[in-house]
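Shown next as structure tokens: one chain only, the form predicted on its own.
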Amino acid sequence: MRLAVVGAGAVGRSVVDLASEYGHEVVAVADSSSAVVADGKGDRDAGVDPDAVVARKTERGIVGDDDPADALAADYDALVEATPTTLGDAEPGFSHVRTALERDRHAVLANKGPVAERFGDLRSLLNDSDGEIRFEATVGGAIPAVSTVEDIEPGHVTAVRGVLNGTANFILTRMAAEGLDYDHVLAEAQDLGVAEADPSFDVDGTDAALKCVILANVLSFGAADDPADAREFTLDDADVSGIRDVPGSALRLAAEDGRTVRLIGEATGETVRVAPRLVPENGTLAVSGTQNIVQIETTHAGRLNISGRGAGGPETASAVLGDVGRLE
């Protein structure tokens, strides 16, 4: 497939770099202020030069000399939306996806905003488009959470829960292992690049909640006989508590009882919850470090567990490119 990639952060750059390994051609790349679009001269299948795109972004802070709108208007089969997640109106990501669908092109999202905050609007756009949307990369990086739920069929899934944020999990793991307090471990995580300078999105539970909202929408709309009867979830519907107030003493007391604390998100077709919870110290949900795990409760197949890297450029790009393959 011919891809236009919008967003040139770690995920977007990794998609550009890895696309050819998956048999796809990148014909346009855009960041917030620039773009590069294959000129279409000579061999129609000649796309942009991935190495040149990454080098320009690294050295000059731009991907090319074209306008970002030129990438949205390029001759592509699927748009990869990899701009940063925004809340509320989910812009500009939502408009990028709308442009693709209005052109009867496909859209593959790594950006959680449009799927978590405007799922109903996306479905309305799909009704008038020959394009499709895929969004595996919005939940758990390389972990195939969305596609597994779809394969089982949402009507046969009663709940999805798990550890869905690597930063929060790293902090809780270190607090438990070393007997340290939150502030100390947060500073360590920031020094290592595991936590952002402003860690609020991760430690307050927002990131995990967005992923659970997406899963709740998949369950709600997938199980409904009539989409009009499905409940649409947004972040406002989630009950969210983060880890800032988890004291080191709580982890020490939990360890005496063979338990530990993890930030657990849970989604059903009716509720979304994220909060620190006690789990068995050697249990399935007690993954360590930046690992993520998704636990799927089913009506006929029992409990399924999938774990792995929940973030990272190449890891998330693999989920994006897997979605592109499903569109072929």
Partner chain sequence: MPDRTADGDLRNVARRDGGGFRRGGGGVSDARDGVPEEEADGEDVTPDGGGHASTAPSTHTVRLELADEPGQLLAALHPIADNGGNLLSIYHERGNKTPRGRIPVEVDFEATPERFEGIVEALRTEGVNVMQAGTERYAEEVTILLFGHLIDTDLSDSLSRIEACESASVADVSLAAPQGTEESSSARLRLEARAGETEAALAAVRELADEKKLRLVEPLTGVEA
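Worth saying up front: this structure is predicted, and the values here are computed from it rather than measured. Residue numbers count along the first chain shown, from 1.
There is another form of the same protein, the form predicted in complex with its partner chain; it is not shown, and what comes next is about it.
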Q) Quick one: of 95, 241, 200, 158, which gets a non-hydrogen atom within 4.5 angstroms of its partner chain in the model of the complex? A) 241
**Q.** Proximity to its partner chain in the model of the complex, single hit among 254, 177, 87, 224 (heavy atom within 4.5 Å)
**A.** 254
Q) Is its partner chain close enough to 250, 266 and 278 in the model of the complex that each of the three has a heavy atom within 4.5 Å of it? A) yes
(Q) So, residue 236 and its partner chain: in the model of the complex, are they within 4.5 Å at any heavy atom pair? (A) no
Q.
My question is simply whether residue 273 lines the interface with its partner chain in the model of the complex - judged by any non-hydrogen atom within 4.5 Å.
A. yes
Q: Give a yes/no on whether residue 259 approaches its partner chain to within 4.5 Å in the model of the complex, heavy atoms considered.
A: yes
Q. How about residue 295: is it within 4.5 Å of its partner chain in the model of the complex, going by heavy atoms?
A. yes
Q. Can you pick the stretch from 66-74, 25-33, 47-55, 283-291 whose heavy atoms fall within 4.5 Å of its partner chain in the model of the complex?
A. 283-291
Q: Check each residue of 298-328 against its partner chain in the model of the complex and list those with a heavy atom within 4.5 Å, in sequence order.
A: 303
